[in-house]
Structures are given as structure tokens and as C-alpha cells.
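Starting off, we have a lone chain in the form predicted alone, written out as C-alpha cells.
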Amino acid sequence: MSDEIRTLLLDSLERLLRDQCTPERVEAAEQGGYDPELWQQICDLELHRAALPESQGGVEADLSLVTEMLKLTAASALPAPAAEALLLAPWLVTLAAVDLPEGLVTVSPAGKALSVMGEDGQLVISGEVSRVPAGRYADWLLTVANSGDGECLLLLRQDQWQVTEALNLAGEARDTLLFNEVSLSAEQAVNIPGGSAEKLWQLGALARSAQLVGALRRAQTLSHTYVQERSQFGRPLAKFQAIQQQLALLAADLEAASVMTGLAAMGFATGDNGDVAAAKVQAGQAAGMGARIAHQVHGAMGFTQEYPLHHATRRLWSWRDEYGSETHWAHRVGEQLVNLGADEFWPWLTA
């Protein structure tokens, strides 16, 4: 992809979000976290197809570009399932060599709560998929399941499930979709390579890491603006050493998370997924500390409904545990190091 196309995509998305995704609009979409008109504007620019091959109307945007797009959507608190629609769904349909369905497409790992059985030459699914982003609004759910003959991509329609609605702390829909012996057509279950469920989990963790970086950058921007405008004892808050110290800690953690997310994106694209675990740990830890610092420097103002800081921090608190907490991924890093052995540890650490 040329630098011109890369710049065009990012500039188009940034301009749209700056003009249309205002704090007032985000607040209006609070219950359920979805603004269909705003999402349609993104689709009208074909940005949701950027990661697809040219045959499907995309530009084959690489993983590093899509993660930058996710950072922008997170910084604006876009009320839509951006990670699922911009990254996870295009990755899955490209993997399975099928077309991206029309309408709002969401993605969620099925785990073992969804059973897939063969019956009279047809596949029948039962069970549930929990914590589905924007499940109540979605036209399609993409998930990976084990059919007995290996892993397959399931393309499930809205009329095939029942919804139990739920919200996360950020006010985003995290619904449970229930399936009761639903028969699938041949086109709805596509065989994919083994290990795809694990890769989907890792890619989801990478997407959340990028979103955490974007939301934390928004909290940082608001904090810097606030301490420069707000005065105490006759001088701006930004002049106080304690405030400067806290914002420096926030900046350091944010940049570390941003660098690790970038490395993980490059590693995943080349088949090396080891950095994803480290990125999710770093981004989660930065989110926890950064949200605390942002609220501390804002004082009481940061907790008001009218001030937009909570649009960023509530997403930080929600996203840090999705697709695995820091503890989960820290265990993954530990397992990787143990498997390397003593002789390979230093070369891995300094690579």
C-alpha cells in the first residue's frame, strides 16, 4: 500500500470523527453504545472494507494501519463496534475466502458454550455466545467453532438468535446471543485452518490494546488542556511539580503501550504472535494508571457527566479485561519464557 493511500484513509477517518463524533453525540448513544447514522457515514467512505482485498472493495490495509484506525475511533469514543467491524470481521472472511456480509457485522469468540453438530448432512448449533459487542444491533455474527471435522467460520444471521441484553461499564452493548438447535446452510459454515480460534483471540487482544492506547491518548489530551486552563493559588495547575510528575508518568506508560502495540501488529502479520501478550499486559497496566492520573489531575470535574473524560476512562476500565486481562496474558508471557529455556532467554529478550 502506498503512503498516499495510507494517509488518505487516516485523514478521512480523523476528519469524520472530529466533525461528527462529538462528545454530545457519544453521550446521546450512551445506552447501548451505537449510533447507526454515524456508522453509516464510515461505511459510506468504505472504511470498514479497508482491510479487505481489492476483489471485495478493499485496499488490503495492513495490520499496523488498521490498528492506527482503531486508535482514532477509540480516542473519539466512537459508538460502534469498531474493532469487530474494521479488523476482526475482515480478517475472518479473508481467512475463509468468503465475502463480507452486508450490514453491521460483529465478531465474538464462541468458546465451548456453542456446540456444533452434524445432523442429516446439515450443521445444527445450540448454546450461546456471550459478551457480543453490539449484538442487539448486528445483522451478522461471525465466530469460530469446532464442528468435529476441524474449525469452521460460522456466519450467523440476526433471525437465528435470541438476545439477552447487557452493558459494560462504558455503556456499550455486550449481549448474549442464544441459539436453540439452529440449522445452518452450507454457506454459513466454512472450514478454516486449525488454530484460527486462538489467532482470533490474539487478534482481539491486539485490537483492544490499540483501542486502549487511543482512549488513553484522549484522556492525556484532556488532562493537558485542563491543567493549562485551570488555575490554583494564582498560577496554572500545569506549573505545579506534582502535576507535571503525574502527567509524565502517564505519558511514559502511554508511549510504552503504543510501541508494544505497534510491535505486536508487525509480529502478528508475520506469524510471530509472542508480542501480543506483552502488548495487552502493557496496555492494560497503562490504562489502569492513566485513568487514575487523569481523574486525579481533573479533581471533581473529571467525575461529572457533562465533562467528556469519562467517555475515555470508562472505556479504559471496560476494555482492559476484554480478550483477556493482564493476569491472563502475563501467564502467557511466562509460559513462553519457560518454553524457550535458559539458553534462548537472553537472545529473545534482546531481539
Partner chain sequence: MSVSLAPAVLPASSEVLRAEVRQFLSEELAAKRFVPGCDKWLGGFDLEFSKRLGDQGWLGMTWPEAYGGHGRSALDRYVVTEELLAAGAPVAAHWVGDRQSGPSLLRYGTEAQKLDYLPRMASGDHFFAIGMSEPGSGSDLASVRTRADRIDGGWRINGRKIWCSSAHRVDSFILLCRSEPPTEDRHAGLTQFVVDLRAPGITIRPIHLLSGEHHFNEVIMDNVEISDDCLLGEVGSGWAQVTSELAYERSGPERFLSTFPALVALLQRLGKAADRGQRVAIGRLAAQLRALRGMSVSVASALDRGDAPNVEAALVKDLGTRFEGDLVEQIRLLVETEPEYGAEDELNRLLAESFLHMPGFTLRGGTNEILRGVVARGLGLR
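The structure presented is a predicted model; accordingly, all values stated were derived computationally and were not measured. Numbering follows the first chain given and starts at 1.
The following text describes the form predicted in complex with its partner chain, which does not appear among the structures shown.
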The listed residue (Ala166, Ala238, Val124, Val98) that reaches within 4.5 Å of its partner chain in the predicted bound form by any heavy atom is Ala238
In this chain shown alone, the residue from Met117, Ala113, Ala252, Ala186 with a heavy atom within 4.5 Å of its partner chain in the predicted bound form is Ala252
Within 4.5 Å of its partner chain in the predicted bound form by heavy atoms, the stretch out of 136-144, 167-175, 225-233, 84-92 is 225-233
Just checking whether Glu335 would be counted as a contact of its partner chain in the predicted bound form - the rule being heavy atoms within 4.5 angstroms. yes
**Prompt:** Does its partner chain come within 4.5 Å of any heavy atom of Leu263 in the predicted bound form?
**Reply:** yes
Note to self: in the predicted bound form, is there a heavy atom of its partner chain that lies within 4.5 Å of any heavy atom of Thr22, even though the partner is absent here?
What the structure shows: no
Verify the contact flag for Gln158: yes if a non-hydrogen atom of it lies within 4.5 Å of a non-hydrogen atom of its partner chain in the predicted bound form, no if not.
no
Quick one: in the predicted bound form, does every one of Trp201, Ala269 and Ala291 get a heavy atom within 4.5 Å of its partner chain?
-> no
Looking in the predicted bound form, the residues of 334-351 with a heavy atom no more than 4.5 Å from its partner chain, listed in order, are Gly334, Glu335, Leu337, Val338, Asn339, Gly341, Ala342, Asp343, Phe345, Trp346, Pro347, Trp348, Leu349, Thr350, Ala351
